[in-house]
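This text opens with one protein chain seen in two forms, each one given by itself as structure tokens under the names structure 1 and structure 2.
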Structure 1
Amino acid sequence: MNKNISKSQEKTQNTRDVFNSKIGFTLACIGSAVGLGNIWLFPYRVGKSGGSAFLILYVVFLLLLGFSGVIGEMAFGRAMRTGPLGAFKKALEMRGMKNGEFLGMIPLIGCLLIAIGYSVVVGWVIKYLIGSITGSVLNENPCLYFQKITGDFSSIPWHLIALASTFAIMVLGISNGIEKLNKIVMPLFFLLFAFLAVLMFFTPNSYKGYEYLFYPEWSSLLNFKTWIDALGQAFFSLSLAGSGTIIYGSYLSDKEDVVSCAKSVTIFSFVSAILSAAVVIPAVFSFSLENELQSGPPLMFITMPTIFKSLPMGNYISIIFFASVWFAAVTSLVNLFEAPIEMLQTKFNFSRGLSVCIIAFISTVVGVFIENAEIVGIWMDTLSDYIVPLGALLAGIMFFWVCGKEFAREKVQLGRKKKLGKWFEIMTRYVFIILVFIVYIVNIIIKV
């Protein structure tokens, strides 16, 4: 069976669009991980949960998950040369079992539904970027401005622009579309956010923000919720969902070292989170708006524009901020949409263009009915709490347990000069599975 799979993979690899370079693949994976959650959720959590005490836990969990789950999903996709639907199917077939496609539908559908909700928020970002250029964002009441585009059917034009611009990139394929996009916008994101972080450093009373961010409250380590928040933040910062990283891995050459790629993704996920916190937290403290840190999306769409209005050259700062946010958002969105698009191409032999059109149609029809901020919030929270960790758990079980430890080790070893140590099985088969199981169960308990 393994020989047949290898021959099939070799044939697929010769005809399948792939990333042209390791840097292109790595930047694409970083782009999928660097999203809106880091911008409005991480700053709130790190301050609320103990400052640098929380950061220590976050880094530990980030490393544990990065060197287990990220490696696994990359290697799983590359080994099977397909997305979650086909990968789960092939994994069970190796054991003489069926219904792998049924299980693969869980992360796949979750990925599509999250993308649909995410595209609504990306539409808001585009509206704010254009509004920053025209000056309307800073000339109007921030609360009213946000309310205007977050009601029922209130942001259709911007939502459609978000979808059209995303699918225009995706129809070009992996190497000519997604890879080139990430090679341009990911470096720009980090450069622009670093520039904003420097600007915020010089705002009055910004030191209070750094105290909030880095002052360690060691007593918070005695709080079980601090550990869960750090684990959850690390989990979502790495975009582990049993779909997006698998699909990008399926386009990766056997010559590349997935351990090295996973290390880069882990490092830059941390850097993006810290940069986001270094922009947002000093800014809100400079204007005594620290209570708004826990407001979620309004932090970005109401609080930050309020701050920009009071800064010199606020219009330009607002443009840079929302352009950077769009860069982070669109790279995540193309990753989310890629899994269902690839499924249509692989399972039904549809062309790339037709597959993109089908997903674009579904996303538009469903998306316009959830444009209300309250609805899309519930939509995204439900999927993030239940479907995302379940998809990651299933993918981990499939690759590390169903495929077997020898198969997993062999596929991760591809392209790697240094032999994997004994840590590999411990980290992947046990530590990762247990951590994801904890995230999943805790989410259920909290919501009940």
Structure 2
Amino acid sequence: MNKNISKSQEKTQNTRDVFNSKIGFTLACIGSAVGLGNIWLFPYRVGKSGGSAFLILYVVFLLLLGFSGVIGEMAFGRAMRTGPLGAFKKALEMRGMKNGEFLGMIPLIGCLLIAIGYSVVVGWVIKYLIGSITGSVLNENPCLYFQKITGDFSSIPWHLIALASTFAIMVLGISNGIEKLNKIVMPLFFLLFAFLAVLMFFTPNSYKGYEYLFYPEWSSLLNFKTWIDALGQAFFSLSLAGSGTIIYGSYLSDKEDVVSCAKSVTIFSFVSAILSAAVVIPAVFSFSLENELQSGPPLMFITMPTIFKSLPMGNYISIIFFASVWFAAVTSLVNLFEAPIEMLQTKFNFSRGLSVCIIAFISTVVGVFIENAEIVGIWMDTLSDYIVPLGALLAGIMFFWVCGKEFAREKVQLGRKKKLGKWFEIMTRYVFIILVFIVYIVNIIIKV
């Protein structure tokens, strides 16, 4: 059976677009990981869940998932040379079982739905970027400005720009579109956000923000919700959903070491979350807006413009801020859309262009109905709480258990000089799967 898989791999590898370099692949995975989850959700979740206690748990979970789930999804995609639908199918076929495609639909559709919600928010980011350039963001009342574009059907033009710009890149394919995009905008994102973090350091009383972020308040660890939130955040920000990382892995050469790629993704995901917290939290404390930290989504769209208004050269800072957020978001969005597009290409033999058009059509038609801030908030929370971990859990079970111990080890070992240690099975088959399973079930029980 393994031989058959290798043969079909060789065939598809010759005709499939691939990442041209390890750095291109790693940057694309970092681009996928670093997104609205790190910039938009992380600062307010830190604010809501007890500051540094949340941060500590988040780091622990990042490391844990980075060295288990992320490695697994990259290697799983590469071994099967396709996205979740085909990968789950092939995995179950190795055991003579059917219905893999049906299970693969869960992460695939889940990612498409996340992408649809995500595009709405990217539309707002574009509106804020253009508004920062024209000056409207800083001249108008921040609350009213936000309300105006987040009501029912209120951001259609921006939403369409978000979708059109994303699909224009995607139609170019992996090496010419996604890889090039990430190589340009990801380094820019880190540079600009580091610059903003330094600027915010010089705002008055910024130290209170660092204190909040780094001074541990251990009592929050007693709250189980803090654990759930930190784990959910780690999943989302590592793009561990049984789809995005699998599909990128499917375009990775057998010569590369997935463990080292996963290490870079984990590190940079952490760095970006800290950077965005270092931009947002000290500024919020400087302007005594700390109560707004818990306001959730409006933090980025209402509180930050309020702060920019009071800073010298605030309009430039606002432009840099929203441009960087857009860079981070679009590189995640292309990843979210890639799995459904690849599925249409592989399963139905559609051309790349036609597949992109079909997904563009579905996303636009569904997306305009969820443009409202409240609806999109519920949409994203539900998907990230239930579908993201479920997709990751299914992918983990498929690769580490269904494909089997030897297969998983062999596929992760490809392209790696150093032999994988015993930690591999312990981390992947046991710690990862059992932890995710328990937390997932407990989360559902608590909420019901």
Ligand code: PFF
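One-based numbering along structure 1's sequence throughout. Predicted model, so just to flag it, every value in this text is computed and none were measured. In this text, rigid core is short for the largest set of C-alphas that superpose within 1.5 Å between two forms.
Enquirer: I want to make sure I have the labels right. Is the form predicted alone structure 1, or is it structure 2?
Expert: Answer is structure 1, the other one does not fit.
Enquirer: Once you overlay the rigid core, does the Cα of P389 travel 2 Å or further between structure 1 and structure 2?
Expert: Superposed on the core, P389 moves its C-alpha less than 2 Å between structure 1 and structure 2.
Enquirer: Hey, does G47 budge by 2 Å or more at the Cα between structure 1 and structure 2 once the core is superposed?
Expert: Comparing the forms between structure 1 and structure 2, which are aligned on their rigid core, G47 does shift its C-alpha by 2 Å or more.
Enquirer: After superposing the rigid core, is the C-alpha displacement of I30 2 Å or more between structure 1 and structure 2?
Expert: I30 C-alpha, core-superposed: shift of less than 2 Å.
Enquirer: So with the rigid core superposed, the C-alpha of I56 shifts by how many Å between structure 1 and structure 2?
Expert: A shift of 3.2 Å.
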